[in-house]
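Form predicted alone, single chain, as structure tokens, below.
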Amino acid sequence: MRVLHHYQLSASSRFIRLLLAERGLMVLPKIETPWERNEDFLSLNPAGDVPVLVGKDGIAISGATVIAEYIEETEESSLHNLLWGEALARAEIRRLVHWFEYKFHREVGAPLLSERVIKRFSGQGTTSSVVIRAAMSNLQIHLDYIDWLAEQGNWLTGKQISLADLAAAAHLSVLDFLGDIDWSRYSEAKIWYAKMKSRPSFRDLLGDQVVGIKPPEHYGNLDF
């Protein structure tokens, strides 16, 4: 069976968890704590980052975008195809995946996770209110953009769900877990995110539990 090395509050890991669930692919989850050095895990991915997907053949594939493209290339195309369309449409899907996996992660997700979670539980450094304020300011800009994208169609890249929706929802779900999003300010983004939360693939994420952190009551509520 496939093994997915992940961390519950890793947005990139959540992206792949959503993709695997959408595809109906069985996987054995194995949690890796970001601030703990695991030599066995480092032998799979020397970078020490999650997610890492180990296939039935024992070959390890590292990085969310790499794993996502690998799955789309190797699994049979069907109604579950999430990298669809002609070259231009696929390019737009890839652009938005890159936006969330790199730009959003760098400007919002990574600093907030570091300040609110990693520093707290690892004991490495003190929390910086300056960093948190900057990340929260960046978050508003990104949410404005998501709100605009959601207003253009049923999904972020058009009339069909794609990898872009999974990546965006995964990154937002971490911040939603931490209580950092005021959904009342972003009506179109909220409607889109509610659709994502209502999908069967999201159930596992909504059931995540992290010791020492209690998500807000609306986190698991589909009608929020």
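Residue indices: 1-based, along the sequence shown. Here the structure is a predicted model, which is why all the values come from computation and not from measurement.
The protein also exists as the form predicted in complex with a further copy of the same chain; that form is not presented, and the subsequent description refers to it.
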All of A47, E73 and R94 with a heavy atom within 4.5 Å of a further copy of the same chain in the predicted bound form = yes
task = Using the partner position in the predicted bound form, report whether I59 sits within 4.5 Å of a further copy of the same chain, counting heavy atoms only.
result = yes
inquiry  = Given that a further copy of the same chain is not shown alongside this chain, does E69 nevertheless sit within 4.5 Å of it in the predicted bound form, heavy atom to heavy atom?
reply    = yes
ask   = So in the predicted bound form, does any heavy atom of R90 sit within 4.5 Å of a further copy of the same chain?
value = yes
inquiry  = Is it the case that Y102, even though its partner is missing from this view, gets within 4.5 Å of a further copy of the same chain in the predicted bound form, heavy atoms only?
reply    = yes
remark   = For a further copy of the same chain in the predicted bound form, the stretch among 59-67, 186-194, 24-32, 162-170 with residues bearing a heavy atom within 4.5 Å is 59-67
query = Looking at a further copy of the same chain in the predicted bound form, which residues in 108-138 have at least one heavy atom within 4.5 Å of it?
reply = none
